[in-house]
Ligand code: NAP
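Take a look at this one chain, the form predicted on its own, written out in structure tokens.
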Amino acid sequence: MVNIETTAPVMVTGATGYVAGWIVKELLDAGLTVHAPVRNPDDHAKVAHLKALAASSKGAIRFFKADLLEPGSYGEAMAGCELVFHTASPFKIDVKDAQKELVDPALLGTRNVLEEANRTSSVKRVVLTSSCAAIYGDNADLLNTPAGVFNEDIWNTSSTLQHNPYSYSKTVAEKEAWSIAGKQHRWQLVVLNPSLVVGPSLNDHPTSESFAMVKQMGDGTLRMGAPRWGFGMVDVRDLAKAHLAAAFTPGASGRHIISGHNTDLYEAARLLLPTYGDRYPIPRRTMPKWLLWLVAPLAGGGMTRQAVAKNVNLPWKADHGRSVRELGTTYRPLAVSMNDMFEQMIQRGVFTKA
């Protein structure tokens, strides 16, 4: 249990997002006042769930108008805050203009938020939501690690604007954060590097790619089989608690891999079979690598033959020991995360046939 001793407001960028929603809930339940900068505070559909969370908690929430790409737009929201959580960054794979859709929001957004922290004397710590994507680009990168496992000392050097542009965007954004933090001494930077985030959403219309992935497990897209595409996975609720630990643990510093499980797409899908296998077309077999490689250019979703070659049938392994030792992070079983997520998607009518 994290000891929270501040009464100052706390700012959360991207508050309407999947991960940020759970962070906001934890902060509100702890009785804190959350400053939530959003593009349009008057968009009821986007902020209603956050208002409902505040109404049923001990805390309070205030909304501010801000834009990731507009320098200075976070000033009002950050004023008086001791802690800043920067979670806002797009997570999408199929893009037409990677620079405009991924790199600019990630890099320039991080720069704008942290430069605002430099101008805001009350800020003592910034918690940045980075990604394991800033540590690796492809599973094949595991072959070049010193101990055959990804850890916090490793940086992604294989992603580019053309290959794995999302991973590239997270890498350049985190490097920019460390560069800005290293040029000052008033506030601390603590970074979390989560793997693929799964679990239920507080928002009725989540946009994270993980929901698109799980949807394919139940809508028949993967009826003929799921590839052994290795991932790390973490429950969004465990990740939110790790954010609070990163913010309120006095000695927290550096990077932290937040990943509960080394797994793959096929193994994750199999966890849904006992409960939903008789009603939904959950994949029951693996998809051969050669077949996925063959159809990759036609599959859409930004899939390429290069990505298939460097990820399918290759393991993903990361060491989350630092998060356990220094932040006290605990990880629930992946079956719980997957089933909670799938059940919520059923209740929300994501799957049209059962």
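Residue numbers here begin at 1 and follow the sequence given. Predicted model, so just to flag it, every value in this text is computed and none were measured.
As for the form predicted in complex with the named molecule, it is not shown, yet the points below apply to it.
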item	value
Proximity to the named molecule in the predicted bound form (heavy atom, within 4.5 Å), stretch among 80-88, 217-225, 276-284, 153-161	80-88
Close approach of Leu68 to the named molecule in the predicted bound form, 4.5 Å, heavy atom	yes
Ser210 within 4.5 Å of the named molecule in the predicted bound form, heavy atoms	yes
Contact flag, Ser131 vs the named molecule in the predicted bound form, heavy atom cut 4.5 Å	yes
4.5 Å heavy atom contact, Gly14 to the named molecule in the predicted bound form	yes
Proximity to the named molecule in the predicted bound form, single hit among Arg325, Arg305, Arg39, Lys58 (heavy atom within 4.5 Å)	Arg39
The single option of Ile135, Val197, Ala117, Ala246 touching the named molecule in the predicted bound form, heavy atom within 4.5 Å	Val197
The named molecule in the predicted bound form reached by all of Tyr18, Tyr74 and Tyr166, non-hydrogen atom within 4.5 Å	yes
Stretch 40-59 - residues with a heavy atom within 4.5 Å of the named molecule in the predicted bound form	Lys46
